[in-house]
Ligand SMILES: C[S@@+](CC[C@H](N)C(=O)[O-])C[C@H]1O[C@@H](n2cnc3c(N)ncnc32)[C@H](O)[C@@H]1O
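Below, in structure tokens: the form predicted alone, a single chain.
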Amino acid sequence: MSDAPITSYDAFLESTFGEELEAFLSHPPVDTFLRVNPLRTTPEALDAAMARYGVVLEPHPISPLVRRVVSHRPEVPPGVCLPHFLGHFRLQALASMVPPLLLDAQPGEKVLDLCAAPGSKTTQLAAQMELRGQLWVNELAGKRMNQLAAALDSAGALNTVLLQESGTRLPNLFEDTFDRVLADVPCTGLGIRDNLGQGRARFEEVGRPSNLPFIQYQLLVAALRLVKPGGRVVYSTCSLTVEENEAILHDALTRFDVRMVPPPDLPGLILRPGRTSHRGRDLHPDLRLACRITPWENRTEGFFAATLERLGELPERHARRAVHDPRRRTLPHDAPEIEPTLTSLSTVYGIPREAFTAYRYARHARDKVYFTSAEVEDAWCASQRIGAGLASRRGAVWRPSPTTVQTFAPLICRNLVTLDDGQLRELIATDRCPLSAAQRAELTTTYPAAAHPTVGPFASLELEPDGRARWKVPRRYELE
């Protein structure tokens, strides 16, 4: 960059947007988009289900799974519709879907999402991989872990290993390991107009736009070390500043044996090439292969994304701290530690025992069992969890998770309560609903699976002494 310092936030905005600053400041509100989750439903089924809520969707040409929200009733936005709880779709900015499309994760590969929360791109990767292969999911911020885990569970992303580590430290554990790495790094968010106030306050406090470029470059280098030679890294931010994007990639392109990869065709989006000069400084010419997405041209938030391919070995680091990396093996369905849980689920809910053979399992302490895809055979022992929750011990019985109920929904034939519209509405509104004497008479467990004619089995309930059923609803949802 130019050596001349930027003395004000307005000057920084001018250097970033130039003649298009007014377009950024005055662009119309962005549209709302959602992404259909093919692990749970089909686009056609979701279109029909959301129409019953009064939500009108239209396809977007970027992908058969993408829908633009044309309209909805003011009191029923898409996020309060029950299919959202069921993981049938994810509300996600259109531009946010671009980095996973560039990464193009394939079934059977070993993929890492380096900075994963809140999970929109992670669940998109899981769907791309069709739950085959391994999807490693890293997030340093502990306060965002619950949100990330909930997103993975809702989407049915079973082929995941969840880590909580500094992204820059991961090469000490997994160097040259992954086929593809997504590095959607922390940024100032200066592709989103609503972030201007926070950015201005930060500038006035510290006298510069951000300290983030330092960590952004470290994370990109970590991603390049984590990927195998011949593998690909997608670097992305929801910022349009050159300092956080092209300048970071320029340093990597000039120091390491990597190359830029041209983006695929993304119909329905206006993509601008990356900048090859800024503030009087020439940048690497291949940066034209990066993607800039502007909100005033695309009716979505501003975004930057670029694909790098690692060609060969990276230079040795001056210091590498050895880290002990014992492995934690997942368990087959017939392992003694897992067998009692699966037998209980089979006996209580009628799920055929052979249905569990397609998965592997992990035991957490004495009261929690997770299940994952068959290809996730091991994980770093300090991983937060492997796969999704299968069941939790409640006294002498095992209570299935919502993910378990939804995964094995067609096979559940015992202790299944089908709620009518009134019961489900009351359950959603109050966390409880009464069950009829006939419904209770068929139950042999305190934790029956709950179903509804339009959504199928979706969670387990807890029976209370007064005859009501309780479900701790994560938020208030609407029934069509």
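Residue numbers here begin at 1 and follow the sequence given. As the structure is a prediction and not an experimental result, all values here were calculated from the model.
Form predicted together with the ligand: not shown, discussed below.
Partner contacts here mean any heavy atom within 4.5 Å of the ligand in the predicted complex, and among 395-403, 119-127, 285-293, 69-77 they occur only in 119-127.
Proximity to the ligand in the predicted complex, defined as a heavy atom within 4.5 Å, singles out one entry of L331, I215, L173, L91, which is I215. Comment: the ligand is not present in this chain, but in the predicted complex one of R144, R275, R200, R363 has a heavy atom within 4.5 Å of it, namely R144. Although the partner is absent here, S166 sits close enough that one of its heavy atoms falls within 4.5 Å of the ligand in the predicted complex. A105 falls outside the set of residues with a heavy atom inside 4.5 Å of the ligand in the predicted complex. Contact between L219 and the ligand in the predicted complex is found at the 4.5 Å heavy atom cutoff. Residue contact with the ligand in the predicted complex: T241 places no heavy atom within 4.5 Å of it. In the predicted complex, V185, P186 are the residues of 185-214 with at least one heavy atom within 4.5 Å of the ligand, listed from first to last.
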